[in-house]
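Consider the single chain below, provided in structure tokens and representing the form predicted alone.
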Amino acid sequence: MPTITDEVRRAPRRDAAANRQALLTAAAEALGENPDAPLEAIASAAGLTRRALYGHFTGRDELVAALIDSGATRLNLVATQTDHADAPTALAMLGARLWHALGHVRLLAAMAVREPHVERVAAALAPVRERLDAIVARGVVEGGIRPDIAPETLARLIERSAIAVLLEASVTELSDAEGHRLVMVSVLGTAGLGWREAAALIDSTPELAMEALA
């Protein structure tokens, strides 16, 4: 049976875990807005001191690495749970679901183009890319996605079109409804659908409604 002494000994560990999570939450928000946000600002937003931050992370790179791994876990789960018999619909669905994980995606999108994090982000998001590659390859074979670009190349272009929307959201403060639709229109357009065709697909498919994917 646990004693009072045992409870006292466990309390600091619980506090340390809570402080670490507070730092990760504050860092995700701060670095998503500004990848160069100072560590002092991150610590302050978490209600802690810079010294306390260094008690959990050796520096910015280790903090960012922890955020990348945490965010990638969430996004990889979203990707593995997303599919549809129609490839363009599956593609739009994947883009929209990633939009609704915006807090994680925006940080990873920002870090995906910044050294020294490019390779780590790419490795951490391998399951997302595998899902995207599979959807694109299937869509090309079935005729729903453009065949004039190599599927592997097209998948990367679609990925970058989605990232562009997510980065734009941090500048223009898109509403959830605007971002939800824009990311789908963007990925579908890159995949070869005309804007009218993309709009018709989005408007006629209940599974793509914001209420179904948020």
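In this text the structure is predicted, and so the values were computed from the model without any measurement. The first residue of the sequence shown is number 1, and the count goes up from there.
Keep in mind that the form predicted in complex with another copy of the chain is missing from the display, and what follows is about it.
Every residue of the trio 160, 167 and 189 has some heavy atom no more than 4.5 Å from another copy of the chain in the model of the complex. Another copy of the chain is not shown here, and in the model of the complex it never comes within 4.5 Å of any heavy atom of residue 56. Residue contact with another copy of the chain in the model of the complex: residue 50 places no heavy atom within 4.5 Å of it. When another copy of the chain is considered in the model of the complex, residue 182 lines it closely, a heavy atom lying within 4.5 Å. A residue is said to contact a partner when one of its heavy atoms sits within 4.5 Å of a partner heavy atom; residue 23 fails this definition for another copy of the chain in the model of the complex, lying far away. Of the candidate stretches 37 to 45, 144 to 152, 23 to 31, 61 to 69, only 144 to 152 has residues with heavy atoms within 4.5 Å of another copy of the chain in the model of the complex.
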